[in-house]
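Okay, so here's just one chain, in structure tokens, the form predicted alone.
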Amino acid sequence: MTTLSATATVSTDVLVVAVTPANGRRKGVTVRPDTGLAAAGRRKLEESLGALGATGTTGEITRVPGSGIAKATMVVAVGLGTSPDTETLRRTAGAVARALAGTSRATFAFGSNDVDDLEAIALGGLLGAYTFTSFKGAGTPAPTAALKAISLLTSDPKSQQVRTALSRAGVLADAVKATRDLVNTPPSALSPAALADTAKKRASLHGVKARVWNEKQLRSEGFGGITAVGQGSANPPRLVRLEYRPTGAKKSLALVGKGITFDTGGISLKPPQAMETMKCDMAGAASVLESIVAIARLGLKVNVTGWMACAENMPSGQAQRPSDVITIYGGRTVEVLNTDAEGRLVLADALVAAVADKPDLIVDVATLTGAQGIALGNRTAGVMGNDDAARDAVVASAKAAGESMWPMPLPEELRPSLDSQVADLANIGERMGGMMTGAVFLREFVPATISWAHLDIAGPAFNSGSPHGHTPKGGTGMSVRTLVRVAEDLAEGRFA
């Protein structure tokens, strides 16, 4: 686990210094002020970086010996570009932390004493210092350990504001990393029951109540969506309800997460290549769990309930079939035309259950549709809802948290495509605009009197490509920071 602290002096293994492109006609870089370097050391560093061809562009990393520059074995210059914003600070700090894997200590001197900047640098560094090695065998070379300790250079390390900012960064980083761990865990080790047990354990550590429904209880109480999706698997489904109720809270938030621990598509079987990352199909539920843990640790004054709809979607003689009709919790019937559109079925149960608590806002998060990636790519989530103001407020919270999300409409012309001749509605409809069609289906289970937003994180939840910024290969922890920020905004009266 990477430790985090603030310091006013530079004495470290590695000093990370922020640089920007040189002004005017001069080539090379300019070392940002307040980076703990004496004038002579600063000049020598700029000369060395110029000789190495450093440009100061965003994310560029250049290493030079620390001798004659600072009390450090090595100095690492990281480029911030010409106009760095808060997310640039997060991403560059993450990239540096990742590059420094195997290092014991590093001091980040980005040349800012602004509390928001310090929190961004701390969070980025902690997120970049991430590895997942739980399933590495003894016969393989030991993986390089993550950077062990990060210090932030600031003029007033004992300031209460600085301490609060670093503490918040640590809580958020823990939540994101725990979400990544769950997403990266293979389905052989994370059945629906195992995910529910993890939720109970995590909740008990942080004063969050948890209740779990087993398969018999789900069936007897009418949770037809979760039951139908999970009936084809040897690993039975679970529903988890989490509850955090602090004294003095005036607003209430419900978070609902899709928890498909592995998705084969069921009888509507996916092609093999499409299954390779389907252990990530429970990312929404993992995000809900760890967001509520973070909310509790931060002591936010908002009532929060969390719903984790957990099942494994497998083909077998017991699996649901295309053309089956199921009854969602609350009584609506659905004709299942495609068993690979299973996420919306488990979410429908959980949404109806969440509505019963009459929260001020419901936010569901799910790796719901492949169409999300086609529409918005692998780094930007789609946000839809029954209330444009609430949808836009969630997008604003995401922006403040540093996560890329984009507002999408719910065109009324998509609803007729979900009509069924034998049930209240079908689980698939218009293929074009499939991300929005999935949200239109979910909207059927939330009354217009309750504000609801739907986050489709199918692409951003799992990074199949190369690491970038503070994002590793594999599970990303996407949406945790946004959900926590939504809770903060709701508690502080900033939410629409």
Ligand code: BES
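Quantities reported herein were computed from a predicted structural model and do not represent experimental measurements. Start at 1 with the first residue shown and count on from there.
Although not depicted, the form predicted together with the named molecule is the subject of the following passage.
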(request) Specify the contacting stretch among 362-370, 143-151, 189-197, 394-402, defined as having any heavy atom within 4.5 Å of the named molecule in the model of the complex. (result) 362-370
(message) in the model of the complex, does each of Lys258, Cys280 and Arg344 have a heavy atom within 4.5 Å of the named molecule?
(response) yes
(message) Given that the named molecule is not shown alongside this chain, does Asp117 nevertheless sit within 4.5 Å of it in the model of the complex, heavy atom to heavy atom?
(response) no
(message) With the partner left out here, check for me: in the model of the complex, does some heavy atom of Glu335 sit within 4.5 Å of the named molecule?
(response) no
(message) So in the model of the complex, is the named molecule close enough to Lys71 to count as touching (4.5 Å, heavy atoms)?
(response) no
(message) Even though the partner isn't displayed, in the model of the complex is Glu290 close enough to the named molecule, meaning a heavy atom within 4.5 Å?
(response) no
(message) Counting any non-hydrogen atom inside 4.5 Å, which residue from Asp387, Asp340, Glu87, Asp181 sits next to the named molecule in the model of the complex?
(response) Asp340
(request) Heavy atom within 4.5 Å of the named molecule in the model of the complex: which of Arg163, Arg245, Lys358, Lys270 fits that? Just give me the one. (result) Lys270
(request) Any residue of 438-467 with a heavy atom within 4.5 Å of the named molecule in the model of the complex counts; write them all down in order. (result) Ala458
